[in-house]
Structure formats: structure tokens, C-alpha cells
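Next up is one chain by itself, shown in C-alpha cells, the form predicted on its own.
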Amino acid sequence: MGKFSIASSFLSVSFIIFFAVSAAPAAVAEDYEYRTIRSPRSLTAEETRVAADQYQRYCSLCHGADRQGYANDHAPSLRSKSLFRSGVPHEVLRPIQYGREGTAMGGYLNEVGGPLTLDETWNLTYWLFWQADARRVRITKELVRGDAGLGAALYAENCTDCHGAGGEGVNAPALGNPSALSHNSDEFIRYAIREGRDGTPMEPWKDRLSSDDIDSLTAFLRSRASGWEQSRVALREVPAPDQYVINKGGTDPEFDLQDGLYVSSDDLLKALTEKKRMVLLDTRVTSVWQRVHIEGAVPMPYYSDFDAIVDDLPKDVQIVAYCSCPRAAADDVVRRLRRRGFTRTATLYEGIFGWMNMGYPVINGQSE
């Protein structure tokens, strides 16, 4: 991409916790039988139709049209029977509702600024379960007892290549994410290590580690959430259409767009510093705009009905869209705007995570 580079790669953790396969100890876990429990309620035909439509609208951009995963932003597969055997409802429901703080996975519950009602998040969870054709197993809420110190050594030996030395994620989901650790039970984490995630690179570790070692890995991961508390963001008022244009008295920026589409963070910061007239579109789910955004940005999620809102957007003003993945959602929005006659459009190449990593200013949400 020529002069453009991403300062740091931020990988999403969405719904799945799993561990990378590396050199394996010789010990093997003893057999352990998980009891099958009753499946969740079935959806009506109308609930099924709505949930399927909502998956395509809100989830397919990153998780793939057929739930295959890794369409964008390293969003994992949502086909794994192992995930839905052990994670329904709450370990799948909570990320849909509240997202993963610090990742591209925003919260989709309307109470935190998302587009879905409480019932719709439950229905989407159950729709995913039935699509996976899984049988649920009993997952306890009891703490797993293990040696966290030993678990740290096991993690360093076996998991860092894919999940990172600090659990930040390399080519697999981040495991040090505090919101994931707050939502996921110990036994859910243990099950993922033990049984793996079918259909993904995560293989079962029950043939490689002893039960005590798996318990110690679980205890180590749990210790990473120590002292973390979920805060509630005081919701900001969404800008009205007459507030979309920033620096209304300024002149228009003249960006040198890479591939006719991308503006660099350096060039955008220069334009903002010079008070250039623009519209900034934050194309992520509105809940993450509430947490952090570039000052002056308007929340306009990628799943918006653009036919209904194009009259609110000026065609004679430079529009710059951004997201966090770092470009997929913004690219999608810009393409749809261009099909509707908006020619002065661009995507922020590095995305907001790259922008933040470069030390450029953002507005943070206020915790209550």
C-alpha cells in the first residue's frame, strides 16, 4: 500500500476462546465425561428468519456469510460444535450483548448503544446454536483449582506463538481480554483447552496435557482478570444531521488518496489540526463509538439503511469513514455511498486502533 503501514495489529476476540497448538508435554489427561443437557428452546419460524437476517446484517462482515470466520479482523468461526456445546447461552450471549472491550467486537445490545433488543440477542444466540447442530453439555460455574504459576509456564511453552506472550493475540484470539474473562466461566475455559474447537486450528489438549496441567492453565488465565472491573459508560447524545459537518467555516481538505480510496492518519490529523471542513463517519456499532471515537465523528454503523439516511449527508463535503478492523466496515460504507453518488469519500487506512496507537487524539466515554 505504498506509504501506508499499520503501526500495530489489533486482533479481535469475539466469541471463541481457544489455544494454539505447539510442542506438547507427554502427559495425557484422564478420561472425563461431560453430561449432556437439554437443548435450549427452539425458535419460531419468524424468529428464525429475523435472526438469520440479523446475522447477515450485523455479523457476516467479519464472521463470514456462512459463519466460517476470518472474513475480516480475525473474527473466529461460529461453526464450532465445541463452542456451542459449552457456551450456550451466556458465554455466547454476553459478547453479542456487550462486546469485547479493546477489540473490534462491539456490543449489540441497545442498552449499550447497539441495534438489538434483549430478546433479539437471545434469539441470535439460539439461532447460532441451532445452526451449529450441537448437543449441549453441562458446564459448571465452580472455580477450577490449579497452580497459576505452573499454568504461566505451560502457557509460555505452548500458547504464545498464536495467542501472544501477553495474551494479546497473534494469529488467534486474544486470551487476556478482561471482558472475555469476566463473562466466561472457568469450566468453559477448561473445556476449550481440553476439547479444542472443531473446525478451527485449535486441537484438543486432552491428549497432550494432564488434567492437572489443564487446570493450571485455566487458573493462570483466570488470574489475568485480577482487579479488573467492568464500568458502565455514560451514553453520549448522538449528533443530529446539522452537526455532521465539522469546521463548517473551514476550507476543504485536498487528500492524496492511495488507490483512490485511502487517507493516512497523518494526513487526516493534519487536516483536523488545520480545521478543514469534513464529515467523519464512525462505521462501528454505536456502542463502541460511545466508548471512544475521533472527536467530531458521527456514528453511522456499517449496517445502516443508507437509502434512508443519504439525504442527511452532504455530497459537497469531504467524508472520511473509519472502523477498527481496520478498514472492512469503512470500505463497505464508502462503496455504498459512492454507489449513491458521493464522490468525496475516503477510508482511514490505519483505522481507529492504528490512529490511537500512533498517539493521535480521541474522545473517551465517561464511566458512571
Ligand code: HEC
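Start at 1 and count along the sequence shown; that's the residue number. Remember, it's a predicted structure, so these values are computed and weren't measured experimentally.
Keep in mind that the form predicted in complex with ligand HEC is not shown, yet the notes after this line are about it.
Though ligand HEC is absent from this view, in the predicted complex it lies within 4.5 Å of a heavy atom of just one residue from 244, 129, 188, 122, which is 188. When you look in the predicted complex, the only residue of 337, 313, 59, 320 with a non-hydrogen atom within 4.5 Å of ligand HEC is 59.
For residue 100, a non-hydrogen atom is located within 4.5 Å of ligand HEC in the predicted complex, even though that partner is not displayed. For residue 342, no non-hydrogen atom is located within 4.5 Å of ligand HEC in the predicted complex, even though that partner is not displayed. Of the heavy atoms in residue 192, some are within 4.5 Å of ligand HEC in the predicted complex. Contact check for residue 201: a heavy atom falls within 4.5 Å of ligand HEC in the predicted complex.
Figure note: of the listed segments 142-150, 236-244, 166-174, 257-265, the one touching ligand HEC in the predicted complex, with heavy atoms no more than 4.5 Å away, is 166-174. Three-residue candidate spot 290, 304 and 348; no residue lies within 4.5 angstroms of ligand HEC in the predicted complex by any non-hydrogen atom. Taking ligand HEC as positioned in the predicted complex, none of the residues of 303-323 brings a heavy atom within 4.5 Å of it.
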